[in-house]
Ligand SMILES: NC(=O)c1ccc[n+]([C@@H]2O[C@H](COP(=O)([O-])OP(=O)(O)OC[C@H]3O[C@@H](n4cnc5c(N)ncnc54)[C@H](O)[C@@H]3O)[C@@H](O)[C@H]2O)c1
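Quick setup: one chain, the form predicted on its own, written in structure tokens, and binding and motion questions come after.
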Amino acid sequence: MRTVKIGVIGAGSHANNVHYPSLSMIKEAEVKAVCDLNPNRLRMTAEKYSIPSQYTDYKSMLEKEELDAVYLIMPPHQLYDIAVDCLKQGLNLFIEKPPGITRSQTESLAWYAEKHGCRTMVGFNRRFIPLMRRAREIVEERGFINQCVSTFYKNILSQEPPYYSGAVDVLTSDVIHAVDTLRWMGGEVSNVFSSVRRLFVPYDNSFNAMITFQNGAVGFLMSNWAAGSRVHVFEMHSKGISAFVNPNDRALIYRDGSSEPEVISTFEAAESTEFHVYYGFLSENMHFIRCVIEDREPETCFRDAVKTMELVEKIYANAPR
């Protein structure tokens, strides 16, 4: 089996919590180099994961290392130029969500990827959570998902805009996880009816929408950053069957009017209690590595991510002000 030689740009907390541990578990992945501006983070990450080469200049890393792929794990408002440099060198590229600040940026990245023959992926990890995949598989045994719900609540009431001091808005930076998962459950979008509000803060922090899909399904986005706590749950419904999924806990599967659900725990579905495993990060990384090896398009490639960014735009555009 071919080994994918990887350079990682970014040694921050998210990369260290989920991506380095995931890549270290994939036998076909070999992290050859790491780059970060912070020398302490750089050294600690390289030592922890036995990464042979360290850089503080990503251009030097791209020039000196023989790489098959790059992981670019850094704030979305800072990654565009670096991503383009990687794509122009023909390097397969993994980035975290959101894939840029605007749909236009994402579309440009997709164009560069296609021009230079690169396989790309955006880290929409909710699609790859083992419990989510299992629940959808069970529901779709009865037919297509005809109704779905994506709920994401948080308690962030600071007057100062969150997400890099407001460089990225709440919907694009974080609620986008729920938006993308709706697309994954429902399919191609037809119409959007939405509400965007400011609750107790001077920036948009509540986003709700009804979405109709081309296959006749209906989806609901429910999000509110002025809620009591973090709640992130999903619903999938088909003929005579419903799944209620909390990826941090369990899925409840109801069939044919029964009041007693089948219960599947998130640890059972993932066969692990490790966060980076049961919350989908290992699975998304395995997917990307296999797609690079097999030279096929990842599920959440840049071109597909354009559709999620388009839906974000439509939620804003169709909300009365």
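So that there is no doubt, residue numbering starts at 1 and follows the sequence shown. Just so you know, these numbers come straight off a predicted model, no measurement behind them.
A second form of this protein, the form predicted together with this ligand, is not displayed here; the remarks below concern that form.
- Checked against this ligand in the predicted bound form, the candidates Ala270, Leu62, Cys35, Leu282 yield a single residue with a heavy atom inside 4.5 Å, and that residue is Cys35.
- Of the residues Arg183, His177, Arg127, Arg103, just one reaches this ligand in the predicted bound form with a heavy atom at 4.5 Å or closer; this is His177.
- Judged by heavy atoms within 4.5 Å of this ligand in the predicted bound form, the contact stretch among the candidates 119 to 127, 236 to 244, 219 to 227, 184 to 192 is 119 to 127.
- In the predicted bound form, this ligand stays beyond 4.5 Å of every heavy atom belonging to Ser165.
- When this ligand is considered in the predicted bound form, Gly10 lines it closely, a heavy atom lying within 4.5 Å.
- This ligand in the predicted bound form comes within 4.5 Å of a heavy atom belonging to Ala15.
- Proximity of Glu96 to this ligand in the predicted bound form falls within the 4.5 Å heavy atom cutoff.
- Of all the residues from 238 to 272, none has a non-hydrogen atom no more than 4.5 Å from this ligand in the predicted bound form.
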